[in-house]
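Single chain ahead, written as structure tokens, the form predicted on its own.
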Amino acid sequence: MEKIQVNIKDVLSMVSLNAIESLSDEAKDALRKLQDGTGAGNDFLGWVKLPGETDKALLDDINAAAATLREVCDVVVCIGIGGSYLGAKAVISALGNSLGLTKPGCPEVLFAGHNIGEDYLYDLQQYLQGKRFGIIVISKSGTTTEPAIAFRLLKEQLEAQVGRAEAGKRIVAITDAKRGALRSLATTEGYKTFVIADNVGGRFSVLSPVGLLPIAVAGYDINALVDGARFMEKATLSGTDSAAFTYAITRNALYRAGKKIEILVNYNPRLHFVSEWWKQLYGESEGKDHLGIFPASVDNSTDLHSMGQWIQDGERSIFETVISVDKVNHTVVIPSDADNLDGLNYLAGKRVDQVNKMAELGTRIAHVDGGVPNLQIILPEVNEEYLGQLIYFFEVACGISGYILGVNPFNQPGVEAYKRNMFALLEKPGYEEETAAIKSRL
């Protein structure tokens, strides 16, 4: 298996190699903290060695549960929010049909519980009418507002359509091992369950049952996904691969040089939700104590016709990280046309991917010339093994980067602020003082 590579040559004109290498000792110290659990947030480091510790028995159990759902369902709704859905969505979208079509012989995997959109839930319930559907519900507590609302609605609908006993066979709960509302319900109803480990936070959970079960239901090879992550884990933690180090220290050197916004760029539409997952991973991990690089993303060449102007000529507070895919899965050749009215005959005989790669290279050159540093992450191809590598690469680089920045990368205290206000406004029991205080401001 090849390794993901990181290329920083298009950064060096704007930040020196010495400035980047000066962070190497901090990066080594950060990795040591991840390995021995001596850094901030060390009670959430279960993801660090998760690929290597994931045994065949667990993967077999997940694959068996996925096979059961595939047999009885045409649609499976995955209920979760944040890392409880984004990782699975990213991998399924990256491996799937570019038009979102279901893999032959596998259920359609839809998502709910990641918003509180009434029209979204109405449309989803209407779509599920008369369909054979099942549910994967993901929540440590079972009381997180967005997924809890979606699960209550869809559980009621499923039970109405097939009966309580049959519904119990079509619901899989991924939750805490011993406690919480969802664990209690799953025990009472006899749902198949998988455990969310206490030491694995949501945004680092894609390589656990949280991400693996929906991915397996969609028909993709979770064994190969974990193998790829295991390969990157071994290379990174042993110190034989420097890709995560290079990425982490380069982005921090750029941050210290005044580049406050990182734009993750892809030229393969299938990677859109990889960017969405990445934004949560880095935004929630680093954005605290009034510090942190702001994570943004674009899909090129599409966004060159919208955000391209700002990136080329806007404020120079940004840098780009470009995911380059060496090999695409299919071949499409541009034909010749006798009339050549569109003037494209100079491209006749070329593959579409050749044109796309020249668009990527031309854009990188233009943006560097325009004062935008460019890192390049080179992905050999988009398959399960390399996506597993990429996931672990970004996760470990995030931990290293957060410690270099000087924050706890594994908590999210700011996320609770909106919840307190929402509960107070909805007059949830136990929030009477907050309700009074917030109403006095309205």
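All residue numbers are counted from 1 along the displayed sequence. Computed from a prediction, not measured in an experiment: that's the story for all the values here.
Keep in mind that the form predicted together with a small molecule is not shown, yet the notes after this line are about it.
**Q** In terms of non-hydrogen atoms within 4.5 angstroms, which of the given stretches 327 to 335, 163 to 171, 287 to 295, 140 to 148 touches the small molecule in the model of the complex?
**A** It is 140 to 148 that comes within 4.5 Å of the partner.
**Q** Let me know the one among 203, 230, 367, 183 whose heavy atoms come within 4.5 Å of the small molecule in the model of the complex, would you?
**A** Contact residue from the list: 203.
**Q** Between the options 107, 209, 82, 134, which residue brings a heavy atom to within 4.5 Å of the small molecule in the model of the complex?
**A** Only one listed residue qualifies here, and that residue is 82.
**Q** Quick one: does residue 125 come within 4.5 Å of the small molecule in the model of the complex, counting heavy atoms only?
**A** Output for residue 125 is no: heavy atoms all beyond 4.5 Å of the small molecule.
**Q** With the cut-off set at 4.5 Å between non-hydrogen atoms, does residue 408 touch the small molecule in the model of the complex?
**A** Flag for residue 408 set to no.
**Q** Residue-level question: is residue 412 within 4.5 Å of the small molecule in the model of the complex, judged on heavy atoms?
**A** Taking the distances in the model of the complex, the answer for residue 412 is yes, it comes within 4.5 Å of the small molecule.
**Q** Does the small molecule come within 4.5 Å of any heavy atom of residue 345 in the model of the complex?
**A** Heavy-atom contact with the small molecule at 4.5 Å: absent for residue 345.
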